[in-house]
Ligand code: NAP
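Take a look at this one chain, the form predicted alone, written out in structure tokens.
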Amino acid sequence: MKKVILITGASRGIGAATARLAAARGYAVCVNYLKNRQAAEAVVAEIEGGGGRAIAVAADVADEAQVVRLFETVDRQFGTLTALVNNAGILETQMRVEDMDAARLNRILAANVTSCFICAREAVRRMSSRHGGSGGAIVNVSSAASRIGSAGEYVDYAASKGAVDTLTIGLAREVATEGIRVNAVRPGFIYTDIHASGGEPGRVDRVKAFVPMQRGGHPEEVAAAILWLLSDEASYATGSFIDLAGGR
């Protein structure tokens, strides 16, 4: 069966690394992005330069109508979806809970939680044997923050990733007899651009001393775990988590 993957937030960081590795493993890749068209098209060009197939599709995955259009584009361009990576996510400036307002919380939850639910819904409608599908796999990109809490910095982000963990467990059990596996990765301190969104681009170097391995991680290390969970080698894994946090 032809392998088709949709990766949300794939123009940079973990998403881009996953797109490149998926293409190398034979997937036709949809590189979803929000605003940075140039970066997304650069990922596509790299994949095509290596002989792979890829498209870049703009969509705000916190918006239900845009998610539906995104999946319909994949249907038209590549055919039946076999893999989804819910990678898109945001964080905002480091802040204590006592200073957060509802608008910030709603932005975080829409981007990090609602998006995963709606994308998973669309994937299940295509993959599930209940709907005539041939199965597939979903990997949610959570965070070690869901276990740690990110006190004094990103408790809202951590809470949103806790919701992603719960979605992973619940959905995995819901579709386990329908040919779909649902798992998650929980990265720790990874060298990506997301830290700049929180106001501290060099955050990984500041906190790496708290990691037992004494270093930050790299997007490619997370991508490798994601592709394993999507592969047949992980055929008995569902509702499972891989922590990629250097022992933290």
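We number the residues from 1 along the sequence you see. None of the values given here were measured: they were computed from a predicted structure.
If you look for the form predicted together with this ligand, you will not find it shown, but the lines that follow are about it.
K.L.:
Within 4.5 Å of this ligand in the predicted complex, heavy atoms considered, which of I190, A56, A184, A223?
P.N.:
Flagged contact: I190.
K.L.:
So which of I90, M95, V113, A159 reaches within 4.5 angstroms of this ligand in the predicted complex, heavy atom to heavy atom?
P.N.:
Contact residue from the list: I90.
K.L.:
So if I measure heavy atom distances to this ligand in the predicted complex, which of the stretches 48-56, 35-43, 22-30, 207-215 falls within 4.5 Å?
P.N.:
So the stretch in question is 35-43.
K.L.:
At 4.5 Å between heavy atoms, is V74 in contact with this ligand in the predicted complex?
P.N.:
Taking the distances in the predicted complex, the answer for V74 is no, it never comes within 4.5 Å of this ligand.
K.L.:
Whether S143 contacts this ligand in the predicted complex should be assessed with a 4.5 Å heavy atom distance threshold; does it?
P.N.:
Contact with this ligand, yes.
K.L.:
If we define contact as a non-hydrogen atom of the residue within 4.5 angstroms of the partner, is I14 a contact of this ligand in the predicted complex?
P.N.:
Contact check for I14: yes, within 4.5 Å of this ligand in the predicted complex.
K.L.:
Going by a heavy atom distance of 4.5 Å, is I180 a contact of this ligand in the predicted complex?
P.N.:
Residue-level check for I180: no, no contact with this ligand.
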